[in-house]
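This document starts with one chain, in the form predicted on its own, laid out as structure tokens.
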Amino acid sequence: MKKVQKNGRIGIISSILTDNPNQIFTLTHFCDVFDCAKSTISEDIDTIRELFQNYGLGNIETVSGAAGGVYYNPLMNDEQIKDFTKELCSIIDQPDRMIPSGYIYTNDLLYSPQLSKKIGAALASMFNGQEIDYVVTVETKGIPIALMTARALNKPMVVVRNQSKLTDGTVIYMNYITGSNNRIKTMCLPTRAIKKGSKVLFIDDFMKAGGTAKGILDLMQEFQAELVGVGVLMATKEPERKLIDDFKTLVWLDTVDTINKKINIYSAFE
């Protein structure tokens, strides 16, 4: 195999690491790929680490020991999250996003690969250091950002649905009450989806009164799993008291003025 020069190795190693966030690769793996010494790979990784730090592209982390290696950590620091959430607020605070019912159109944000990737990284960053086995969401608008959160954490994603499918096998159903209008809804999840004793992070696009999050909490108890965190893209200031006590949001929605076409939204990191 033709020898790969330093610039080429740096590009390939960077691509492998960023395509597989939070997955450890041994130095031996890269030595085998490029047929070179560990010292050479170590120098390459030091260069990549410095470049990523200088340009705010995440962190290249190393793990010592026999099972150690190197991995890419895409998580954001507080300052990066603050800047990004301010950018989100400026994107959302547009008159043409207002729907006559008083809702805000966000589908284009949630289904944008670029924005949903950043949203997922920001949400994952808020739970950095938390032991997590699964990222859980409910269909359908929360799926893109939950998937990107799961990718950043390198954890499997599980989707809770309102109806089961033939391919689900045995499922557990849970009735829950929405906090905003006290309507009874149903959610379900296959019994094989989550292992007993798992630690679960719930991710959703929006929270008003917290009824869905409370339903997920109750559903996880049926699976004998622990809900260790709740993260949402956007939460409303009212009602102030939610059905779930502990959650984190990227942005707060205060008021929607349909007459003056003004959305009062701000970063949770201000």
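Please read all numbers here as calculations on a predicted model, not as lab measurements. Throughout, we count residues from 1 along the sequence that is shown.
Here the subject shifts to the form predicted together with a further copy of the same chain, a form of this protein not shown in this document.
Chemist: Choose one stretch from 94-102, 79-87, 122-130, 196-204: the one whose residues place a heavy atom within 4.5 angstroms of a further copy of the same chain in the predicted bound form.
Modeler: That would be stretch 94-102.
Chemist: Using a 4.5 angstroms cut-off on non-hydrogen atoms, would residue 4 count as touching a further copy of the same chain in the predicted bound form?
Modeler: Taking the distances in the predicted bound form, the answer for residue 4 is yes, it comes within 4.5 Å of a further copy of the same chain.
Chemist: Even though a further copy of the same chain is not shown here, does residue 51 get within 4.5 Å of it in the predicted bound form, heavy atoms only?
Modeler: Although a further copy of the same chain is absent here, residue 51 would touch it in the predicted bound form, with heavy atoms inside 4.5 Å.
Chemist: Is residue 19 one of the residues lying within 4.5 Å of a further copy of the same chain in the predicted bound form, judged by heavy atom distances?
Modeler: Residue-level check for residue 19: yes, a contact with a further copy of the same chain.
Chemist: With a cut-off of 4.5 Å between heavy atoms, is residue 140 one of the residues that contacts a further copy of the same chain in the predicted bound form?
Modeler: Close contact exists here: in the predicted bound form, residue 140 approaches a further copy of the same chain to within 4.5 Å, heavy atoms only.
Chemist: Between the options 47, 26, 62, 59, which residue brings a heavy atom to within 4.5 Å of a further copy of the same chain in the predicted bound form?
Modeler: Only one listed residue qualifies here, and that residue is 47.
Chemist: Any residue of 107-145 with a heavy atom within 4.5 Å of a further copy of the same chain in the predicted bound form counts; write them all down in order.
Modeler: The stretch 107-145, when checked against a further copy of the same chain in the predicted bound form, contributes 107, 111, 113, 114, 116, 117, 139, 140, 141, 143, 144 at the 4.5 Å heavy-atom cut-off.
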